[in-house]
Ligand code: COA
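Consider the single chain below, provided in structure tokens and representing the form predicted on its own.
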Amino acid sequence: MNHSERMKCEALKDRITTAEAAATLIRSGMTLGTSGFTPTGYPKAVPAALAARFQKEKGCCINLYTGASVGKGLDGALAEAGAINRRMPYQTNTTVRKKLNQRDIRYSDIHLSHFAQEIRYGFYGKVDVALVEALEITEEGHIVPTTSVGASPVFISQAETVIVEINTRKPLSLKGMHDIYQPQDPPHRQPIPLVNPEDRIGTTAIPCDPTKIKAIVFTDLEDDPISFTAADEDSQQIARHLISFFQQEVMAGRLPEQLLPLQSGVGSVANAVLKGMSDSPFKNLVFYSEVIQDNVLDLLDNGTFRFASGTSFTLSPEGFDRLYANMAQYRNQIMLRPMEISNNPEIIRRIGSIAMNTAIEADIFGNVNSTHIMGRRMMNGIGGSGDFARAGYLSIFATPSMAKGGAISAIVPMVSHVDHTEHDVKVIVTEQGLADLRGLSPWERAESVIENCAHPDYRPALRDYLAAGMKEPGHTAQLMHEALSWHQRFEETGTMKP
């Protein structure tokens, strides 16, 4: 294999080695920080070799830090080997989820905008090894990322040892789409000089001291394929409610005709909302978010979006084929940044982001649970939803009004776990309708959520709950002895219905 096209630093050519040899640099008890974000651009060959070794060397464990979720060949394989002690800041793997809910893995669910700076602050100890996927290593020894940036810059800057997987499967045409910028830490921090999402403020490669690069592995491996569920009628109806709301906001003068930069979480509901924008009257919009999904490419193609900024390409195989075939167009319309920038509250507030995220459940007073099933079982994590909800111009949470065939109401008297308080939730929307909670008192919020968002099967019980609460003195009409009774009923009987 001719390595010169992608390995341009002459001083590092003697570091080229096998995945198995590189994996020996990672020892039990170490903290490993890897590239990857929902789940693309993550290393593959070295984690496979490490997991195989740890399968044989029983009792070995590492702390695994990533940008967000990664492929099953990374955290999934290490979890199956029983080799993860601590996991941060986000995950979606089924094996990891099972083990963290069994408390076999110590999982910290962290706001993504906090994570990189808190690594630099030393809050989580030192990073021993950074393991990152790259397009190429430059003449200076700097590292060009592939299809995600995530937390790679902070891992590379903080780690004592850097291992690079150069993935020749990823085309070199991706080079130039990255904008790498790392803020200084207090007390020396300056304002981040990004005023418009289209602004370029950094470099196209991640700075790296080449003496820290101890191993370079060439690979030709695909990311795990990503598939997206087609939008169902409920999701499409949620999208219609939101588009109508945006039109009303424009008419009222609270939003400009081209809206403000949009952010969208991941999942079928979020995808449906983005897809619904294609049928809206809004054009020439800007997308400032975390992940670039297939629907974002659609919206760029049809003129709904003019520009998209994120930290990761989270595309289906067909989406990647489309991206790579049209790089001349997309390289002027898309930019990938570190998650410390894509999720930065300073920037989110400055540009006036419209934050659209999904909820597992919401209560009638406006609190949202994004992470836990029945208050105990972790699903994935808060991800970046809190970054955008707290700092955004508008914070919107969407969810179907029911789950499990109607056995669960997503609108409850009190959420079983709070990720986003009523102070950070401006709008709740289900297929039933939309509740605009801005400026409302607690009982007004409850009335709006019940009448606009709850499923008709559950509205009478919610009305009864609120009526009983209003008979008691206090600001919020909550009944402590009944607040979580719906969840208890489900666990005892299999349904929340009385």
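So that there is no doubt, residue numbering starts at 1 and follows the sequence shown. Bear in mind the structure is a predicted one, so any value in this text is a computation, not a measurement.
If you look for the form predicted in complex with coenzyme A, you will not find it shown, but the lines that follow are about it.
Residues within 4.5 angstroms of coenzyme A in the predicted bound form, judged by any non-hydrogen atom, belong to 260 to 268 and to none of the other stretches in 297 to 305, 245 to 253, 318 to 326, 260 to 268.
Only one of E361, E165, E136, E340 lies close to coenzyme A in the predicted bound form, with a heavy atom inside 4.5 Å, and it is E361. In terms of contact with coenzyme A in the predicted bound form, the residue from I213, V418, I382, I351 that brings a heavy atom within 4.5 Å is I382. Under a 4.5 angstroms non-hydrogen atom cutoff, coenzyme A in the predicted bound form has E290 among its neighbouring residues.
Though the partner is left out of this view, F155 does not reach within 4.5 Å of coenzyme A in the predicted bound form, counting heavy atoms only. Contact between T146 and coenzyme A in the predicted bound form is not found at the 4.5 Å heavy atom cutoff. Among heavy atoms of M88, none comes within 4.5 Å of coenzyme A in the predicted bound form. Contacts between 306 to 332 and coenzyme A, taken as any heavy atom within 4.5 Å in the predicted bound form, involve no residue at all.
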